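What follows is a single chain, given as structure tokens, in the form predicted alone.
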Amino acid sequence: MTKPEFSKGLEGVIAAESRICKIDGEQGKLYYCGYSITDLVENCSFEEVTYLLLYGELPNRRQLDAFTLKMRANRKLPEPVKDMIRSFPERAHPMELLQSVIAYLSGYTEHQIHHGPDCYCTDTLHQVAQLPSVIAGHWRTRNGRELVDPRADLSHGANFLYMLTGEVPDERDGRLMDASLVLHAEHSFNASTFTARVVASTMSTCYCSISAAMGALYGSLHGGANERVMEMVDEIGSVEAVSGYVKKALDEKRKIMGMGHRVYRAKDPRAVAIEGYLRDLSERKGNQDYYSILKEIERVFRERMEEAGKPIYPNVDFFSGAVYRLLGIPRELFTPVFAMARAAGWLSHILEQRAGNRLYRPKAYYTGEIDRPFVPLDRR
């Protein structure tokens, strides 16, 4: 029998139609619902972009005000969820807490609103609005501090920084946090988003779909790259040590974290934006160390790759970890913050999947034996 052609990891396979996100990997462009990520990150709040992803259109002032009010009104966690955060195993990773909490939250809304094509998940927005409260609450509990209740007068990003530190952030820091969330809110059919859609295709709850997506994001090949970038930066320690580190890593065929992307063949447009934010933030904070080391890594690595005829560019994770660290976010929370942003995109895809649903059921090419003789237990 001739072995059929198949695409390992479904690479290049078109699994569905979508109007949510367009990636032009050759030109280094990214669009949410037809809008350039550059325009969105420079002009829109995270709440405004969340509205766009869920409804397909940018809101007018009245719509945005109503939507923002709804998101902010649903930030506060029920007391049993706070108890769950406080009692979660100390050694557990916060992503494991997030995956558990999002499923737990489903018990606080009527189950009939979760199932079927007419899903009313947007009525509460718990899946998006409450994640910052969970992440900040976990970190404070882990460090022996009381949970800080959310404030309705702060943006999504600024409120997260406030609940994390207990102090209202500088206006520019709050805006930068919002911008970072916008850059991470959506990225088409990546592993976690596809996971969310597969679960949604069974008509399971939106909470279960997002919980499954978080499990995918937690994997070392998906989320967490910016954590590895900052580990690399800490290990290098200085600009002068970069060249030797990169040379040794490449000679040993080790990956330089944050360089290259599965989809982009030009510079990731999110990396272009967040690099500018990191440069400005470094100047404001009086700390150029991370930025200087990262730029030297980029220069040395690209020089080596171009010599080999393989131009490779930084992705968004290359710079985002340094931004988070300068904003006071510990490295352990980098992937949860990614999930906090991407929840808007996940929910958008869940709703789109349900609107024209078809249960995912791919085939596998069987490579095992057939017609094996059965041997009774007492003769094995």
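Just so we're clear, the structure is a prediction, and the values are computed from it rather than from any experiment. Quick note: we count residues from 1 along the sequence shown, nothing fancier.
Beyond what is shown, the protein has a form predicted together with another copy of the chain; the following relates to that form.
Contact segment among 291-299, 96-104, 149-157, 234-242, judged by heavy atoms lying within 4.5 Å of another copy of the chain in the predicted bound form: Selected stretch: 96-104.
Position in contact with another copy of the chain when the complex is considered in the predicted bound form, options G309, P89, G286, G144, heavy atoms within 4.5 Å: Selected option: P89.
Y218, heavy atom within 4.5 angstroms of another copy of the chain in the predicted bound form: Looking in the predicted bound form, residue contacts with another copy of the chain include Y218, since a heavy atom lies within 4.5 Å.
Residue contact check: G328 to another copy of the chain in the predicted bound form, 4.5 Å heavy atom: G328 lies outside the contact set for another copy of the chain.
Another copy of the chain contact at L54 in the predicted bound form, heavy atom, 4.5 Å: L54: no, not in contact with another copy of the chain in the predicted bound form.
Partner proximity in the predicted bound form: M163 to another copy of the chain, non-hydrogen atom cutoff 4.5 Å: So M163 does not count as contacting another copy of the chain.
Neighbours of another copy of the chain in the predicted bound form among 195-211 [non-hydrogen atom within 4.5 angstroms]: Heavy-atom contacts within 4.5 Å come from T195, V198, V199, S201, T202, M203, S204, T205, C208, S211.
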